[in-house]
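Here's a solo chain for you in structure tokens, the form predicted alone.
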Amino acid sequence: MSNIPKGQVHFLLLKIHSLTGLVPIGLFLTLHLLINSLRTVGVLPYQWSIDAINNLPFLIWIEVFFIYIPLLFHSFMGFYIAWSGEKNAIRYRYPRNWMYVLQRLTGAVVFVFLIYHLGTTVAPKLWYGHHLFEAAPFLIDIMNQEFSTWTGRIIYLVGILSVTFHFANGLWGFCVSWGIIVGPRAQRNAGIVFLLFGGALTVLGVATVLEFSLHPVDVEPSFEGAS
């Protein structure tokens, strides 16, 4: 069996990078923002949804194989693309060149934000042990602390704006690179649609931050022995 040409391997990696940005990462991001936005409806819907998710069987393996591994691959490939790509936004000041630059910059910001976010939410959960607490009271307490200061609010607002832009603009790039939208008019119309979609996700994220900031509410565990 002959070896696969290096160019084909590179092409395949780029396709997988593009695909993981949509599924599962983009799907998870959308669900994550939707579920968190339940906090604007009330504490109980948010609490029930968080506890239901955190009591799924084999949750840690679902997270590892369907979130963390694709996320690491997508991130490292994104850094490789940014490092190896041609820097021509200054020379050719076309809108799409600047969108490409913003895509790479927001990707780096999102990577740093995710390290911070996981470090303040997932890491303590793993450290203390899932059996010692219910997820919703634990996470609500963490978010109340995060959004009690302007530093925490700014960190999350910058993270949300970066991730929603990166995802929405990445959707456009995915559809173009996979041949789903062809031609200037179709690409322009798709750009408007994805801009509106990204704006909707941004509204969900910002509304959640405002709700936690303006109306911090503590909740008690629903079963005895949780802390």
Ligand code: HEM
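Everything numeric in this text was worked out from a predicted model, so none of it was measured. Numbers follow the displayed sequence, beginning with 1.
One more form of this protein exists, namely the form predicted together with the named molecule; it is left out here, but the text below deals with it.
> in the model of the complex, which of the listed residues (Ile181, Leu29, Ile69, Leu195) lies with a heavy atom within 4.5 Å of the named molecule?
Replying inline: Of the listed residues, the single hit is Leu29.
> Though the named molecule is not shown, can you say which of His117, Arg153, Arg104, Arg96 has a heavy atom within 4.5 Å of it in the model of the complex?
Replying inline: Filtering the options by heavy-atom distance leaves His117.
>> Taking the named molecule as it sits in the model of the complex, is Tyr100 in contact with it (heavy atom to heavy atom, 4.5 Å or less)?
In response: Output for Tyr100 is no: heavy atoms all beyond 4.5 Å of the named molecule.
>> So in the model of the complex, is the named molecule close enough to Gly21 to count as touching (4.5 Å, heavy atoms)?
In response: No, Gly21 is distant from the partner.
> Do Val122 and the named molecule come within 4.5 Å of each other in the model of the complex, heavy atoms counted?
Replying inline: Val122: contacts the named molecule in the model of the complex.
>> Within 4.5 Å, heavy atoms only: does Gly170 come near the named molecule in the model of the complex?
In response: No, Gly170 stays farther than 4.5 Å from the named molecule in the model of the complex.
> At 4.5 angstroms, heavy atoms only, are Leu13, Ser75 and Phe79 all close to the named molecule in the model of the complex?
Replying inline: Result no, not one residue of the spot touches the named molecule.
> So which bits of 192 to 211 sit within 4.5 Å of the named molecule in the model of the complex, heavy atoms only?
Replying inline: Residues within 4.5 Å: Gly205, Thr208, Val209.
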